[in-house]
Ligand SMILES: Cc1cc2nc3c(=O)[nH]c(=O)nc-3n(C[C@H](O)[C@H](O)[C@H](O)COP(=O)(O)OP(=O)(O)OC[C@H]3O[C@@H](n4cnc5c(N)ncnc54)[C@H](O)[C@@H]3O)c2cc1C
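Okay, here we've got a single chain as structure tokens, the form predicted on its own, with questions on binding and movement later.
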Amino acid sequence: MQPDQHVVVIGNGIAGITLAQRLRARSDCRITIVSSESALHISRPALMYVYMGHMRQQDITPYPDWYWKEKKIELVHDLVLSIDFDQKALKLQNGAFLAYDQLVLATGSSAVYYNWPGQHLKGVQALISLQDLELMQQQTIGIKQAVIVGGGLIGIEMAEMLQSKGVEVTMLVREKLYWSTNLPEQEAKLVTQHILNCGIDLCLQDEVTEIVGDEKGNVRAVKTKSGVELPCQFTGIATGVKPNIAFLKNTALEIDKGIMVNHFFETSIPDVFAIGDCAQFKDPAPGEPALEQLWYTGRQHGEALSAILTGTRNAYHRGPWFNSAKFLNIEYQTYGFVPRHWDDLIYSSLYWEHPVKTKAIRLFYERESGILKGINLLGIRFRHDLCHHWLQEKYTIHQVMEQLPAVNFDTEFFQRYEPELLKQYYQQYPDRQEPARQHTWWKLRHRLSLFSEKSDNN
């Protein structure tokens, strides 16, 4: 890419910021980032800690002003009203026009609402952006009760935030267990019981039908299908997210749920690319989602596109799936593919759960080949590099068990539970023998060359 080229990125989330940083490392081209959310990039996963008082807003700004000047990355804090794809120019809310040679759309997600009566009342909102955080801070001052509609990861974050302020919280969840749309039943039961143990009420197998307001237009209750009326002064909407592409409707750009892209992030219009939550793959690989709306994949998209724009034309390859979250006091990690249901003739798993029901490990694999397909962890941390390596190299469950003692990432004084899983494994496979010597992380790391931060795409 030539220095006289101008790359404009709409969106300063992890996808857009990673793209700009990696592009600057590879090229002297002009780079401009446009965002209406915040003047500087913020760490969105940390928004909850600002609300709870664990961090200040300036603490979730990873890079100060001078960093962007030093990197010669221009920042524009404004809203893009429209795009003239023929003239290659953005129209900004302040009236100015911004020309580009290459445009990268990294516009993120917005919350999904389902046209419930009362959803526009004061005190009803989602939590996606910095503006949402500021609004939630205002709207929850002095309240006593809150209802969270939806049982996903944003929902449990909002519940924890509100509970930290002494608010009584009820989560309204359509399924019979919390997040059972994603977790196998044993993990879903564990997390559900943990939420209840922490004092958050769960209203399961029920749905909102109406959000009821008072005479001043403030929310006062949520009515459900079962006829229950839950009193509240705040209603959190956590029923999923959708690509933030409303301003692109009725343009020449091909969109569906998101902006349609190939595996080079090219859209239907030349010199226009899309990455992150707003990008939808036209031809996702079998078993992989068309929309990848995770922090980790957003970063991977930015890394991959920076290489493509500077001449390394490798198709994007995500590699094994990874996500992490927190269910109140329980950390959650998942690697690869662990479905909520499976055919026992095709798949099997090793599952261990601590008696206090705050920790669990599941290794999921193909029954016939023994190939590891995925890992679920609750309350225990494994080494990302080694889990990624196992899945990338298609290790069998037997190979994994030989290296299991090396995978724990918890600090040295934490109790280790891998021996419990090994005990279960040797009971299930009595013909297998314990390895003559135990693998250690540092020796494995050296032997397997797990040093680099190189992505799967480069």
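On a predicted model such as this, the values are computed, not experimentally measured, just so you know. Throughout, we count residues from 1 along the sequence that is shown.
There is another form of this protein, the form predicted together with the named molecule, and it is not shown here; the text below is about that form.
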Note: exactly one of Thr358, Ser268, Gln145, Asn323 sits with a heavy atom within 4.5 Å of the named molecule in the predicted bound form, namely Asn323
Answer key: of Trp116, Tyr351, Phe247, Tyr347, within 4.5 Å of the named molecule in the predicted bound form (heavy atoms) is Phe247
If we define contact as a non-hydrogen atom of the residue within 4.5 angstroms of the partner, is Val50 a contact of the named molecule in the predicted bound form?
no
inquiry  = Even though the partner isn't displayed, in the predicted bound form is Phe337 close enough to the named molecule, meaning a heavy atom within 4.5 Å?
reply    = no
Notebook entry, point to check: Closest heavy atom of Gln293 to the named molecule in the predicted bound form, within 4.5 Å or not?
Noted result: yes
Next on the checklist: So in the predicted bound form, is the named molecule close enough to Ser36 to count as touching (4.5 Å, heavy atoms)?
Outcome noted: yes
Note: the named molecule not shown here; in the predicted bound form, the stretch from 397-405, 42-50, 60-68, 424-432 having heavy atoms within 4.5 Å of it is 42-50
Applying a 4.5 angstroms cut-off on non-hydrogen atoms, the residues of 96-129 near the named molecule in the predicted bound form are Ala106, Thr107, Gly108, Ser109, Leu127, Ile128
